[in-house]
Ligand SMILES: Nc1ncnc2c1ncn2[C@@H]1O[C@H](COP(=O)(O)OP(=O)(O)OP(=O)(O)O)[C@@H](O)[C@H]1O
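Consider the single chain below, provided in structure tokens and representing the form predicted alone.
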Amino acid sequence: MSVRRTAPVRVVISGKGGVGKTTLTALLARELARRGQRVLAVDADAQMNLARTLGLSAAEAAAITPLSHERGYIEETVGASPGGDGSMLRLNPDVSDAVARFGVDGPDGVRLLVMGGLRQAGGGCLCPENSLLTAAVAAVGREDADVILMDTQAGVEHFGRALARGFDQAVVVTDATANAVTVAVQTARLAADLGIPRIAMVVNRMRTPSDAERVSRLVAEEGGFPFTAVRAVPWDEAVVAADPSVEPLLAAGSPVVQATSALADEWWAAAMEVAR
């Protein structure tokens, strides 16, 4: 039986570019939806790949207009035009209708909200767009979803502008490379600064136990971090073959799906325990 709480469980997923954040987000979204949870997947990455990864067709994905490109809505709610200087922004814009107006239905009933980002180089200040995105994420309530999974752009910029403030859990994704681990530790520290209570690390594409040992050593070299949990997702060549969609992985019962399913169960149970 599905457990309801007064506010959605909010999970932000971050890490260095190319470590598999979007694939993990899509698998978690589909797995939780199949367990009866109302899932809102938020694509806050300027690359906007989450729609295809969730399983929407190329035509369906191309038809989505990102929220940050809705010029009229931005002016209406934020009080400033995209590319403006941000001097007349409303501090608390009413964007409570954003999911209903701009959300898209995906496979397994997952609701997708594509935030978008910078349209072109030299496009001016992103203050109105950033204000809208931050408010829209914060405004998602119990009536919209049981769980929010936010796939973020590479690096730590979204934490710098506090987009993830108010989230219950942060999942930092890494692989066994030094650069990825450095970004993961930096991101975890910023998440802690924002007051996110549960910060987990996922070591993706783990081939051998030595990969886990290497990540542990690299985290220590970065000064360490008290992660709530450290979990691994194994390497599976099928992920490359399935690209861009997770649909073939779900159909075949990939080891990656099995690992993600276990993560979904663990994190949801932890969130419900906190809610009680």
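Heads up: residue numbers just count along the shown sequence, starting at 1. Given the structure is predicted, the values throughout are model-derived calculations rather than measurements.
The same protein has a further form, the form predicted in complex with this ligand, not shown here; the description that follows concerns it.
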Tell me, please, which stretch of 209 to 217, 237 to 245, 29 to 37, 62 to 70 lies within 4.5 angstroms of this ligand in the predicted bound form when heavy atoms are compared?
237 to 245
Assert contact residue (this ligand, in the predicted bound form, non-hydrogen atom within 4.5 Å, options 111, 189, 205, 165) equals 205
Tell me, yes or no, whether residue 16 is in contact with this ligand in the predicted bound form, where a contact means a heavy atom of each within 4.5 Å.
yes
This ligand contact at residue 11 in the predicted bound form, heavy atom, 4.5 Å
no
Does residue 264 reach this ligand in the predicted bound form if we count a contact as any heavy atom within 4.5 Å?
no
Do residue 233 and this ligand come within 4.5 Å of each other in the predicted bound form, heavy atoms counted?
yes
Partner contacts in the predicted bound form for 24 to 54 (non-hydrogen atom within 4.5 angstroms of this ligand):
45
